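In the form predicted on its own, a lone chain appears below as structure tokens.
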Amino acid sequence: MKHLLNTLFLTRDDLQLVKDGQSLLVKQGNEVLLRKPVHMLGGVISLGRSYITPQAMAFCAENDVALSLLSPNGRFLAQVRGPVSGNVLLRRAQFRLADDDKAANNIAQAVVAAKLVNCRGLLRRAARDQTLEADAEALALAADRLAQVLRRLEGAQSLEETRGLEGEGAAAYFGVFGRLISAQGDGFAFNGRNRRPPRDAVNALLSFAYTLLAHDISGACQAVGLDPQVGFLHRDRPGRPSLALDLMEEMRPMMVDRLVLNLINLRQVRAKGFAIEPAGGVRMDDDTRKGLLVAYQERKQKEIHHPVLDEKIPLGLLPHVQAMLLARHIRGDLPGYPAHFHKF
């Protein structure tokens, strides 16, 4: 259970949400863990199998408190809302900003800047820990290259320029990603990012974990009333969650890349858990996929300090916090989108 900004998160399966007078109570068995007056809440997000009484659902709807139900894996399931909703206004504001090249570029620049800083942080930390001088030097050079791209990003005047710099930064980052893998000789060689289908075990792990993260962020966007398909950095495309992909850029290094590197370097996944399909793609077996799912859920429990909220939160709530902050910027409550800059 966590209360961030004006949203209550139910993060465990054994919680109950009940109505008591003009308040909502969070209970565990007969113990009351939290009492929150309804006028202090803007939303309730259940990330599991909490028990919510029908009276509490109706109470939320009557008081315009959005009640969102997500699966334990972050997939959006349903939302209970009353007849009066401000979501249409938020979505219309989102669509207007997405059609405004300058406003969209401002948000895209914030997202790309955080991505480059977070990628650079991961490389710099790895460079300090490297025992091979050649690897440490290559990682440090790539980190310097990302710093150069960051400086040019500040002057990007268009979305196309921002997208180009994002691609340049990604190329520099994945150009040395293989040097972060100490188990390359164990069947985990990495020679660049590829997908659809992934052609090696590392890319298979990255692609699957990125899909999990995109699901989490898409659910978070829907829970705060944003349309996950209308993005700023990524162009609209039928069926593509462009906004979720936007927000994912800043979270990839700490929520996925670090996880995949740990699984490989700590020998928690083995090359025998992958098979090459006739078309050339690489596929995980069921046990490897299950291990990755468990590790991803455990990774989301790791606590981080969020600089905007100035408090500790589980890493798994980061998509929700960033979606809420973006919604506040779109509503005009914040002058800019505060993307997340992570400390490695």
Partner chain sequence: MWDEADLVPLSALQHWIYCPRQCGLIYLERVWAENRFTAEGRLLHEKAHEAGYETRGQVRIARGLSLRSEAHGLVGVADVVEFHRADGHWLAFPVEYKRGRSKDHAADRAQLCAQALCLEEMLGQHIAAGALFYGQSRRRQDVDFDAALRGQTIATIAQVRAMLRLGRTPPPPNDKRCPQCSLRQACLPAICGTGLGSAAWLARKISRALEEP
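Numbering follows the first chain given and starts at 1. Here the structure is a predicted model, which means the values were calculated and not measured. Just so we're on the same page, rigid core means the largest C-alpha set that superposes within 1.5 Å between forms.
Not pictured, yet referred to below: the form predicted in complex with the partner chain.
Using a 4.5 Å cutoff between non-hydrogen atoms, D13 does not count as a contact of the partner chain in the predicted complex. Using a 4.5 Å cutoff between non-hydrogen atoms, N87 counts as a contact of the partner chain in the predicted complex.
The closest heavy atom approach of R151 to the partner chain in the predicted complex falls within 4.5 Å. At a distance threshold of 4.5 angstroms between non-hydrogen atoms, A147 is in contact with the partner chain in the predicted complex. Taking Q109, N203, S218, Q94 one by one, only a single residue has any non-hydrogen atom within 4.5 Å of the partner chain in the predicted complex, and it is Q109. Just one of L213, A113, A98, V176 comes within 4.5 Å of the partner chain in the predicted complex, counting any heavy atom, and that one is A113.
Note on the interface: of 157-165, 219-227, 188-196, 260-268, the segment with non-hydrogen atoms within 4.5 angstroms of the partner chain in the predicted complex is 219-227. Contact here is defined as any heavy atom lying within 4.5 Å of the partner chain in the predicted complex, and by that definition each of R124, V308 and R331 is a contact residue. No residues of 284-305 lie near the partner chain in the predicted complex, the criterion being any heavy atom within 4.5 Å. Core-aligned CA deviation for V308 between the shown form and the other one: less than 2 Å. In the predicted complex, the Cα positions of V308 and L41 lie at least 3 Å farther from each other than in the form displayed. Look at N63 and P319: in the predicted complex their Cα atoms come 3 Å or more closer than in this form.
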